[in-house]
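Here you get one chain, nothing else, as structure tokens; it is the form predicted on its own.
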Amino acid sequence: MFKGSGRYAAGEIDRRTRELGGSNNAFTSHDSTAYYFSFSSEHWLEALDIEAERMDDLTLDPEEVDRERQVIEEELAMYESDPWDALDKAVHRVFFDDHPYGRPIVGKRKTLGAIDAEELRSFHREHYRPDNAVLVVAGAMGAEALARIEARFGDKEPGAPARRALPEPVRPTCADRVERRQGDVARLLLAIPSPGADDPDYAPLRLLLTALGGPRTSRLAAKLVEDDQLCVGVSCEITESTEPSMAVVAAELLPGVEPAVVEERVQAELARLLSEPPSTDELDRARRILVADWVFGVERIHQQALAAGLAVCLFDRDYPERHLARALDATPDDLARVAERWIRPRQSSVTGWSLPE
């Protein structure tokens, strides 16, 4: 998408962006793909022209496609050589089985090698249409902004196919395990089922996991990092997905620490969430962390545009604020309920270990 169109030769989009003092990039997840530009407000129409142009008239020169294929092959090698990335990929594959969420986003060498320019052209023609896209413009564009957007995009033909409904992922039905040998320290990745991001349980569960594995003062950080000094770091995350997904506990062990000891301590802290829910002080700290993360994540206008675009693409415009409010309003009873429903790692989970070679 950056390698040329009818009006822009290969490399010209990047050169033009730099000349105007801006930046551009793109990323993709299992649920969406985003392209973005950051310019000073007087140059925003350049970004609008580029997006409109490459939606209509992408070149996809075979030589450029082959060059990009080599770049992605290098990315694959980089991910495979990184112990955390490789462990995450292995856990996803076991956790989701043959569901699309279990497939690596970057792909595999075999499929990557089989994709040619014509296949990309067909995919672009089918999916890169205005009725399958969300355009966000944020900043001081002036009163004429909507008219400018309408002029550039209003005559584009719709016709993208309806987004296919995904099957609901099959949750693990037992405590499964993955073990790899890579790197020079032990790394733990424990994945347990979680609800989709628009489920009423999602926001309270996120607050609960923040109390469990947030920075420094959380239960796992205090136990494994500060007090017993078994780990370099520990964290808890929950996937923000339209479909039921997973919550993850990650820990990197200090050299010489026995992995079984850390695994049992993590299991014990998860069990303690059921018998001893977070205190008022723990919840207050977790709420402050969520607010700080939220504010930091939308501090810049560029971040606000991305947050709005992803919200509209997957949920609705008010989703980020609504989700934060639900998490902050969660009561101890709410947390006890979601812990009872979702925190069952000995019954349903995938425990992944990357152990020293």
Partner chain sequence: MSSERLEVRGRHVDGAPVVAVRVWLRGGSRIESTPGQALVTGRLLTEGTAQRSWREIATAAEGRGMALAAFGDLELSGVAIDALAADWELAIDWSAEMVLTPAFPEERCAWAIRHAQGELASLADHPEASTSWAFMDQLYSPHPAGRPPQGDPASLASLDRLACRRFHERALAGGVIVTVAGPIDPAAAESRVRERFSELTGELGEHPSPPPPDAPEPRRDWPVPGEQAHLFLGRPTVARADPALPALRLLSVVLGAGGGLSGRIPYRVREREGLAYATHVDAAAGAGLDPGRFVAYVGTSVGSVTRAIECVREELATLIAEGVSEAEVEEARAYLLGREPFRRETARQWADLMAASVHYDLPLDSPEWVVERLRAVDRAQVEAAAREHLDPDGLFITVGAPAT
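Positions refer to the first chain, counted from 1. Keep in mind that this is a model prediction, so the values were computed, not measured.
The same protein also exists as the form predicted together with its partner chain; that form is not shown, yet it is the one meant from here on.
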query = Since exactly one of L270, C231, L205, A250 fits, which has a heavy atom within 4.5 Å of its partner chain in the predicted bound form?
reply = C231
request  = Report the residue, out of S279, S81, T111, T242, that has at least one non-hydrogen atom within 4.5 angstroms of its partner chain in the predicted bound form.
outcome  = S81
key: Among 309 to 317, 61 to 69, 45 to 53, 324 to 332, the region lying within 4.5 Å of its partner chain in the predicted bound form by heavy atom distance   = 61 to 69
ask   = Using a 4.5 Å heavy atom cut-off, are D184, D227 and I289 all in contact with its partner chain in the predicted bound form?
value = yes
ask   = Applying a 4.5 Å heavy atom distance criterion, does A151 contact its partner chain in the predicted bound form?
value = no
ask   = Is A160 one of the residues lying within 4.5 Å of its partner chain in the predicted bound form, judged by heavy atom distances?
value = no
message = My question is simply whether L254 lines the interface with its partner chain in the predicted bound form - judged by any non-hydrogen atom within 4.5 Å.
response = yes
inquiry  = Can you work out whether D57 and its partner chain are in contact in the predicted bound form, taking contact to mean some heavy atom pair no more than 4.5 Å apart?
reply    = no
ask   = For the stretch 35 to 58, which residues lie within 4.5 Å of its partner chain in the predicted bound form by non-hydrogen atom distance?
value = S38, F39, S40
